[in-house]
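Single chain ahead, written as structure tokens, the form predicted alone.
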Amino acid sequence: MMTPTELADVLVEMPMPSAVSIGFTTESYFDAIRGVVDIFASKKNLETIYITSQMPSNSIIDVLTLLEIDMKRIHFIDCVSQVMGGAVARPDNVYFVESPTMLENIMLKVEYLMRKNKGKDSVVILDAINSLAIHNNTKILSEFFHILINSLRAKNAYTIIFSMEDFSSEELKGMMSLICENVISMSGKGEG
């Protein structure tokens, strides 16, 4: 199984901009987060835009706090809290989207945060494609990713798409291999 440091080392070697799919198991989920958000983003001095479609942002923030990860350069686009009725408090670094089906609003929030970063190098993390696939049909999701990734490439930003290997269909795996230059498996299964 790949460690957070090994994952970060692989990512650091990738040219900017790159689109990367990172597959992980339930056991390696927090290792993937640490590897990308803490080690990789720090090494490359990146502003981080973290799109949450799997877990509310407050849960991710709690995990990052527990892992003692500095959150000054992390902004969240939270797609699930309002659907779950949990978007009560609004921290300065969290922006809410009504639902994971509001893909255009996600893109608008990413665009806003990229402009707010004023040209600083950035990484956009989408956690996770499996959750978006539950709420959107594959054709719309594929179109969303093509537009988002191409937009981020034009802005010279990294795109990282998390994927729960245990719950990824062959269709999702195929989509990731088509839209990402690199597909990494934290478990070592099917690295490419």
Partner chain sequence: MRIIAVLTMVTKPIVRRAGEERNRCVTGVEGLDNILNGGIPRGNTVLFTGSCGTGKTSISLEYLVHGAIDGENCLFISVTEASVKLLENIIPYEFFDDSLIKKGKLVFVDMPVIYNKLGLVTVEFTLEDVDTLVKAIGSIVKELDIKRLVIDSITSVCYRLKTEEKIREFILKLGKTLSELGCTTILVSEISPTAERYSLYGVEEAIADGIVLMGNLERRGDLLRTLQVVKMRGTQHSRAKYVLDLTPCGVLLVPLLKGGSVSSGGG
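Residue numbers count along the first chain shown, from 1. Bear in mind the structure is a predicted one, so any value in this text is a computation, not a measurement.
Form predicted in complex with its partner chain: not shown, discussed below.
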For the three residues 150, 153 and 167, verify that every one has a non-hydrogen atom within 4.5 Å of its partner chain in the predicted bound form; reply yes or no. no
For the interface check, one of 137-145, 28-36, 61-69, 121-129 should have non-hydrogen atoms within 4.5 Å of its partner chain in the predicted bound form; which one? 137-145
Does at least one non-hydrogen atom of residue 109 fall within 4.5 angstroms of its partner chain in the predicted bound form? yes
Does the 4.5 Å heavy atom contact test between residue 82 and its partner chain in the predicted bound form come out positive? no
Counting only non-hydrogen atoms and a 4.5 angstroms cut-off, does residue 92 reach its partner chain in the predicted bound form? no
Although its partner chain is absent from this view, report whether residue 103 comes within 4.5 Å of it in the predicted bound form, heavy atoms only. yes
